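Here's a solo chain for you in structure tokens, the form predicted alone.
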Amino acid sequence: MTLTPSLATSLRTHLAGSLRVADAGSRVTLGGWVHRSRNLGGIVFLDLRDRGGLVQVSFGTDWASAEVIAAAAAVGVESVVLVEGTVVERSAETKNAEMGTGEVELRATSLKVLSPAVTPAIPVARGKGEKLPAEELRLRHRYLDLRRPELQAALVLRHRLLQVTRRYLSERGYLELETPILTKPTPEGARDYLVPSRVHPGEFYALPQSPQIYKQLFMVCGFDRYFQIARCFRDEDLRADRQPEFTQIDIEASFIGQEDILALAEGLIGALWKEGGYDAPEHFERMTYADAMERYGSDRPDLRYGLEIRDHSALFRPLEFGITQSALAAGGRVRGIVVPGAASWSRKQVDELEALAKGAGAGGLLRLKRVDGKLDGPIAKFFTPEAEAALALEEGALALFVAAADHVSNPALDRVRQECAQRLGLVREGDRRFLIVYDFPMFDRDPVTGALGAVHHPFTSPKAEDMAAYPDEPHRWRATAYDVVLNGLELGGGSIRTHDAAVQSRMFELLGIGDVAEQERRFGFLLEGLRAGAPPHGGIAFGFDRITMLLSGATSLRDVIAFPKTTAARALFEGAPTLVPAEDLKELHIRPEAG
């Protein structure tokens, strides 16, 4: 684009990638990086790159001096230069349809090298089919990696999505308010990053895992619609879609119910997807947590394909098969999926599925297939004619079962289901199935200790009807909580909060924080706020990095974050974390461990 008056400077008139045929005959000045250079003897070509894209710059004897041509021939790639000249339309045979500026070139009459560059540690310009350098090398030289057009495009998209978010929420009366970065340590499901206090020896701040308590306090204060593009920090193990510091779209509102928040969420996601060049439905599909777990073994199911899980316990109960009899006697079930056309898969292929099930915690995978009208497989001999008729397995189909408690079979069958869908080509990347999962359990039990833990967080409101129906059975309570899911990925989640101080105190008791003094020590500032008069309120938070990743087509969060960490939580470019001199630690009242 031509720079607007507010962006024009004394050094350049246009962005390189903005020049088109309509600019032919214009005298322009460009500034940027030398992307490539070609010396054809009588003429030198430079591809000049800036944020706007690439343009070809030519230096020929008919319009440039010998000194300018020599300077162009000598300049190294990635050097920063200023060029001035005239935009001309290329001849038909030299036009380049692969470049946005491919119909024109700049015939330069002057060249000024502002900053010569050493030979780049990693290439910025790549030829067709040329692979990227190893990711760790690119992260070490991130200042070069971020010059790649695809990464720049992702960060430009990130900027646009941020502005859409701010505009969408602001137009609906939400106030962008900031919460502290140095906070009090509170349990939210992951380890805190702790910051020592110099002026209060032995005491620590925590970096926020989320603004949860503060945004609830905003509701107590009377700011009835809040949002924040919030930086959050969690000291947990990493993977491709997780970073120790991340950004979330954080939203909270007062005098609302679940449907109010979900309607806002649908609208915001729709606006973001539109900005990314895609459509999203006006209303998302809905499914209870119980239904999602029963049918798909996951609370974030991918609905782009079927392969639903079925309960076959009644079918297996009369069969004289020890594995299933033992599982059923222990209170478990026999559940599985039927994979059409998979009877032809080899023993090795099915063994690989069993390995996935075992990796997810199952003891094994029971197999059965129908070939030439007969049941075949290790468990076929246990099937009676009645059981065979009840199963009604179609010709060429493969049935895969797990006999176990639900907390074992769910993740195992979910993993097997995903792999089968990939093998069968059922996952079409262009499909987008948005889903809202709701009615989550309020608590889950530790399988070893039996202690209750909050499925979401301890500030979620249990459903009033469940508390009334089962006052002494909190494990049966459902939470007023919800997640937004796309194609098996969680985009965000939230809940209606507990706004009554007495109920909140009861939640802490159930979670093992029964001592009043301990509650006050850890959560006194929240309980004090709730006692001051708190309106009904709730909210939702979306993973902004993940949304940007999905809309940019990237496969890793690291491709949409300017300076990300590795999977080992290291910042390779700046070299963090790092050792700190002993005198600095002493000032913070920290004594290093000996050895």
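Here the structure is a predicted model, which is why all the values come from computation and not from measurement. Heads up: residue numbers just count along the shown sequence, starting at 1.
There is another form of the same protein, the form predicted in complex with the RNA; it is not shown, and what comes next is about it.
- At a distance threshold of 4.5 angstroms between non-hydrogen atoms, R570 is in contact with the RNA in the predicted complex.
- In the predicted complex, the RNA sits beyond 4.5 Å of every heavy atom of A479.
- In the predicted complex, the RNA lies within 4.5 Å of some heavy atom of A454.
- The RNA is not shown here, but in the predicted complex it comes within 4.5 Å of a heavy atom of A134.
- Partner contacts here mean any heavy atom within 4.5 Å of the RNA in the predicted complex, and among 307-315, 345-353, 270-278, 90-98 they occur only in 90-98.
- Of the residues P116, P185, P123, G377, just one reaches the RNA in the predicted complex with a heavy atom at 4.5 Å or closer; this is P123.
- Contact with the RNA in the predicted complex, judged by any heavy atom within 4.5 Å, is made by just one of S210, S298, S495, Q504: S210.
- Shown here without the RNA, the chain has N39, L40, G41, G42, I43, F45, D47, Q56, T61, W63 in 39-73 lying with a heavy atom within 4.5 Å of that partner in the predicted complex.
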